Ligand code: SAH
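First comes one chain, alone, set out as structure tokens in the form predicted alone.
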């Protein structure tokens, strides 16, 4: 793999992410929200993820900035990045499909919301966050720049660590002991070994 091909792979992943996300966003707008925990902190965390996974790497790919943080591209890392990006896209797509009308960008409970515990959700409570971690790792492998490559990890960490506790509290408030039982059986983003 060459550095240019790695950048193309990264760009295709970004476009594929948007293609997967847009129809679900349109569908989500049609389902009434009954409870929302939108906060400034949540919006800033989403912005951090967007900056880290989209804006900083787009700037790097388009202009080479910040060139001072470049390091030697390793073809094996590019191939690894491709595999991780494919895993990210498969997981991202499947988690959207399995959540269906209950998915939203922000922390919301929708009309007739049910707790999804099958498919990927049988193993982990947050496969979509796991997909974002994979996307960030793929970016690190594909873009040989200390800032652009690692910006995704910073953005995803900001989103995940500022949001997951609030999201789980909202689910616990909505589903009560059913959610508590579900959390005992599943890991947040890594399946439990038992």
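Owing to the predicted nature of the structure, the values given are computational and were not obtained by experimental measurement. Numbering follows the first chain given and starts at 1.
Not pictured, yet referred to below: the form predicted in complex with the named molecule.
- Considering the named molecule in the predicted bound form, the lone stretch of 55 to 63, 135 to 143, 163 to 171, 25 to 33 in range is 163 to 171 [heavy atom distance within 4.5 Å].
- Contact annotation: residue 90 falls outside 4.5 Å of the named molecule in the predicted bound form, judged by heavy atom distances.
- Shown alone here, residue 73 lies farther than 4.5 Å from the named molecule in the predicted bound form, counting heavy atoms only.
- Using a 4.5 Å cutoff between non-hydrogen atoms, residue 99 counts as a contact of the named molecule in the predicted bound form.
- Looking at residue 128, you'd find a heavy atom of it within 4.5 angstroms of the named molecule in the predicted bound form.
- For the partner-free chain shown, 99, 102, 103, 104, 106, 107, 108, 109, 113, 114, 115, 116 of 99 to 118 come within 4.5 angstroms of the named molecule in the predicted bound form, judged by any non-hydrogen atom.
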